[in-house]
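Heads up, the chain below is alone and in the form predicted on its own; it's given as structure tokens.
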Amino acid sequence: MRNKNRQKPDTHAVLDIGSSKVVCLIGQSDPNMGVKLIGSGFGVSAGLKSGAVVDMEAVEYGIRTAVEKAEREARVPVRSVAVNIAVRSLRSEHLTVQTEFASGEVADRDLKRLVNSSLSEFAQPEQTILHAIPLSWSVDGESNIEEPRGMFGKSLGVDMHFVMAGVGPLRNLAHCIERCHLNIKSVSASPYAAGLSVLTEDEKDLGVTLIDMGGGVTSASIFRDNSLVHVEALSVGGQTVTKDIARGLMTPPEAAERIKMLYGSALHGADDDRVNIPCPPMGAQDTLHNEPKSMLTGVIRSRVEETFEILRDRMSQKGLDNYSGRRIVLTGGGAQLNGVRELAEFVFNKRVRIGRPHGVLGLKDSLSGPDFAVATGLLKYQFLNEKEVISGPPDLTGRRYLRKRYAGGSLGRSIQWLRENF
């Protein structure tokens, strides 16, 4: 009887679909230890460019490979997954909404009505809302209220943060996942998931900027007061650096990737001019040639420095430079390149560290690097009670919240008001 009444632990599967690899993690809730990893799988990602699908069959093959390996290790079937999205159309929108009501106690229906009103403002067919986060509430002009329920007043306001992305890339990604006979449980922005994986509570409270250096997209997220307050995305990543090396050293992209891993650095060394790097030829008629390491370092530094400068300037233009605190955390495969941390300190004039995943029991050494921050963050997110107002699969029509507000015309709105207030 004791075994029959014992509840099965919650099990969730996540997919980190990047431009260089696909990672599937399966985790369970442990009453004593939190999140426990029970299965993992990897696949090669060859069908994405800057986060957008360019070859459905290649993406589907990578997803199937990663999921099948994770299922065999965990010994559980996967039917639905939480996925990430990192595209150049990622953006943040902030909105303050207020409403007046008869003097009395603030109830849950008042919060829902206010949130639904804010959601309808950004309901667009070409955009989808990934995250809707209430940053703070206000009652009768008193701001920075975390929980307004039960308070008395005549007016209620909320500061909302929306993370949005283009519907097109997400619709194609969803189609690839459906072709693998999987359902999408939820979608999270990659820099948000990475922050949940590597940041400490103090960093998220005092202010921190996370930069996820992926293969096709470099994205950033800013946390303050334990909330996500801003995201940015650039269609520049590790694959861009590899192409720059291939052009600069006149070598094939496959060889350029290996040269980057073996000899790459974002900082010049004293012996760079005297060290030669063997570069495979471009064609069968060419011969192996050598190039100085200083040329390789110059190519890498110029591209990485330019990426950091664009992010710095964008945040400065939006008044977020000081708001984001004095600390930067780097994640993603690009963060493992020699000299990247030091270069980030020079460009941003802030303290920089390399972020590594934590908070997941049973995490292998091979999954503990900064390039697995998004995958582990997605897994942790499934078990966290984050203060978001939307959940479930993404709205690929842009009309879900618009219909919710305006359905039925004036009569429908009147009926909805009566239901909410009586």
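Worth saying up front: this structure is predicted, and the values here are computed from it rather than measured. Just count from 1 along the sequence shown to find any residue number.
We do not show the form predicted together with a small molecule, though everything after this point is about it.
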query: Contact test in the model of the complex: G214 vs the small molecule, heavy atoms, 4.5 Å; finding: yes
query: Distance check, V76 to the small molecule in the model of the complex, heavy atom within 4.5 Å; finding: no
query: Heavy atom of K260 within 4.5 Å of the small molecule in the model of the complex; finding: yes
query: Heavy atom of H12 within 4.5 Å of the small molecule in the model of the complex; finding: no
query: Position in contact with the small molecule when the complex is considered in the model of the complex, options G333, G153, P148, G325, heavy atoms within 4.5 Å; finding: G333
query: Options 220-228, 130-138, 236-244, 153-161; stretch whose heavy atom lies within 4.5 Å of the small molecule in the model of the complex; finding: 236-244
